[in-house]
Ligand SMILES: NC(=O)C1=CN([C@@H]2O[C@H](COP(=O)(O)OP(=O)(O)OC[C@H]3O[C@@H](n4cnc5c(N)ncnc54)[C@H](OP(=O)(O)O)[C@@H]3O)[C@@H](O)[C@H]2O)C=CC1
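Take a look at this one chain, the form predicted on its own, written out in structure tokens.
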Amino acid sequence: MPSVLITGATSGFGKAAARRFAKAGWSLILTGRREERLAELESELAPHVTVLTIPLDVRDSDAVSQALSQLPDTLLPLTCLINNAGLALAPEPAQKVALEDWHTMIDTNITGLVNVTHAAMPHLLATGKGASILNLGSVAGQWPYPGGHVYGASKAFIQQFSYNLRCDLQGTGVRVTDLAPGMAETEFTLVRTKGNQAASDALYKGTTPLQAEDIAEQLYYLATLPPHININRLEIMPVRQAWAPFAIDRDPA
């Protein structure tokens, strides 16, 4: 059976993707920092498919390299990498944000994704035709908004990194996609506001955001396209989300 490596599998898109791929019979390699959540997910899915869970901080390049160099033969060849681990912090204006929060987003969203991609690349190249790298970007990488600062910039990196990988992997059969969701109801805002449940509830109140399962379905679609098809970028918004006019700073009346 094909196998998929999913980072950040303990919640949100990653957890939903693990369930969706398991439903289709794929073998799973699941990573995350929260060991108890990994154990719960393994208990849920292991009766149905082969599951390997790896407690892992993607920011640690040595740990990533070691873990992915030791994958058991039963989980190879690797068919798909889903780079899902990432986070947003500090929705305040840039001038009010702690530098530590910027560093955390850069280290996770950019450095972590690069670490995993580099370590998984030999496995994907060995698979060749039909293998996929699916990077979780965001509409924030394309469309700026107040409070987006480093988070949006990190997702713009993912878009361009995905495009550049496509150029370098030309002829290998390995596909690369930047999947860019809009508003989605996950733990995203809870993490971003450092546990402010009221702020998270307010963001989604009275509207119909995307759900983690919606994105998981798109990830599975991308991974199972005919091998000659590559979707370079897939931007997905809920119908009830759209763009706003430019903000204009005006003198007082």
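Only a predicted model underlies this, so the values are computations on that prediction, with no experimental measurement involved. Numbers follow the displayed sequence, beginning with 1.
Quick note: we don't show the form predicted in complex with the ligand, though the next part is all about it.
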Query raised in the report: All three of 30, 177 and 224 touching the ligand in the predicted bound form at 4.5 Å, heavy atom to heavy atom?
Result: no
Query - Per-stretch contact check against the ligand in the predicted bound form, the hit in 167-175, 123-131, 136-144, 94-102 (non-hydrogen atom, 4.5 angstroms) - result: 136-144
Query raised in the report: Does at least one non-hydrogen atom of residue 34 fall within 4.5 angstroms of the ligand in the predicted bound form?
Result: yes
**Report entry** Any non-hydrogen atom of residue 87 within 4.5 angstroms of the ligand in the predicted bound form
**Finding:** yes
Query raised in the report: Is residue 191 a contact residue for the ligand in the predicted bound form, using a 4.5 Å heavy atom cut-off?
Result: yes
Query raised in the report: in the predicted bound form, does residue 186 have a heavy atom within 4.5 Å of the ligand?
Result: yes
Query raised in the report: Looking at 41, 216, 68, 58, which is the one with a non-hydrogen atom within 4.5 Å of the ligand in the predicted bound form?
Result: 58
Report summary line: Looking in the predicted bound form, the residues of 101-115 with a heavy atom no more than 4.5 Å from the ligand, listed in order, are 108
